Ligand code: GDP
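Starting off, we have a lone chain in the form predicted on its own, written out as structure tokens.
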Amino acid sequence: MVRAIVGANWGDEGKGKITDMLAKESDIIIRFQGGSNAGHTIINNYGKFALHLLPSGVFYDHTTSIIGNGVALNIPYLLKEIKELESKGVPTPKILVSDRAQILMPYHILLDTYEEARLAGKSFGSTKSGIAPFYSDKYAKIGFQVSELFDEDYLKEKVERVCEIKNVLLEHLYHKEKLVPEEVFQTLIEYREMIKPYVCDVSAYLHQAIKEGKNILLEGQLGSLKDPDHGIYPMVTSSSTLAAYGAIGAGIPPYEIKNITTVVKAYSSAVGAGAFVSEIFNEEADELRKRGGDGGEFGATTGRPRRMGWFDAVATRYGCRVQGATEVALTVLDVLGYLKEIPMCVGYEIDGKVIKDFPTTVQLEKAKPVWKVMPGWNCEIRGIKNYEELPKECKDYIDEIEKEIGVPITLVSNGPERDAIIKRK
């Protein structure tokens, strides 16, 4: 059976913890898109980890972790992550990398950094991990696929061709040093030696695993609203963040994805630029940021403070819809225990009219939140394992979210640890 775990909002929903928990019953966990530009924070018996490229199921010795063909593969970063796990006592995970994955190059990171600097005040709030230039090259057909590393003559000729294009940009747009083709070629040869032990025809491997009835988890990065087609374009990422893309980014048939667990945060947070209707500011935001997540709401990759907001029912309902959510895992509910009242955004007012459907970006920029205020439970709920033991106001808040999004909430996370989870029928 194949299950996808994806985010309903801007990312940062707590998918890593849910994947880590569900990986216990899984045989294979796959990252199917994105790169090292966003991280999943996980707390378990080995300690606290921020994973960026590795799937969040690497902590179990019975699992195989896969980097799918849809991922932006930063090879040195992957090796660094594996070493970091081993240095903290995690058994060496079994890892496979798709021979069709494409390689994120050092010049992608440079170009990302130069472009954000050039755009200055109009920048996209990139993490400068090279993601947009990487996917641009992939679709312009000038990226390097892992399989190409094993044909040196072909590789040499392609490097010359690619450097020619890149050097026009570097010299004339950014006024920076040009690439030296021989150096780029040598980098790729080094990458080949690093990645060689892991390379596999992942699609064929998964075809066999599905035939054998294995349990497979697809792990998405970021969330619905960062999708380039269905998100807040252009303030989005450069790969599809939707469960549907899991079939493409892993190389499996779409009809094999039976469950789509969509992770929803009990309040809102976002990294990067773009419209964010339920956003809050100043002391109200600082207090929520300080209490949020584990050790505060700061980006797992950049460390920068996340933008904070109250729960946005309009954005979340839409996020669940485009993901095709079959169930919802609600996270960080425990964080809200300090509040006597909890605002919830239940509509958008645009040009004097209240709407309930999430609009396109141009309209979104004009939207003002319509609030509904719920009574808070104003107490600590961490440690509660049984749903019925939650305070009435807490259960009412969950019911209200479920009613707004129209998808059953089956899991409620009430703490950062792996086992701080309540199963709800």
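Please read all numbers here as calculations on a predicted model, not as lab measurements. The first residue of the sequence shown is number 1, and the count goes up from there.
There is another form of the same protein, the form predicted in complex with this ligand; it is not shown, and what comes next is about it.
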{"query": "Sole residue of Leu78, Val332, Val271, Val277 within 4.5 Å of this ligand in the model of the complex, by heavy atom", "finding": "Val332"}
{"query": "Proximity to this ligand in the model of the complex, single hit among Thr41, Ser26, Asn44, Asn69 (heavy atom within 4.5 Å)", "finding": "Thr41"}
{"query": "is_contact(His108, this ligand) in the model of the complex, heavy atom dist at most 4.5 Å", "finding": "no"}
{"query": "In the model of the complex, Asn414 touching this ligand (heavy atom, 4.5 Å)", "finding": "yes"}
{"query": "Contact flag, Lys356 vs this ligand in the model of the complex, heavy atom cut 4.5 Å", "finding": "no"}
{"query": "Residue contact check: Lys368 to this ligand in the model of the complex, 4.5 Å heavy atom", "finding": "no"}
{"query": "This ligand in the model of the complex: contacting segment from 32 to 40, 60 to 68, 392 to 400, 357 to 365, heavy atom within 4.5 Å", "finding": "32 to 40"}
{"query": "Sequence-ordered residues of 1 to 33 touching this ligand in the model of the complex, heavy atom within 4.5 Å", "finding": "Asp12, Glu13, Gly14, Lys15, Gly16, Lys17"}
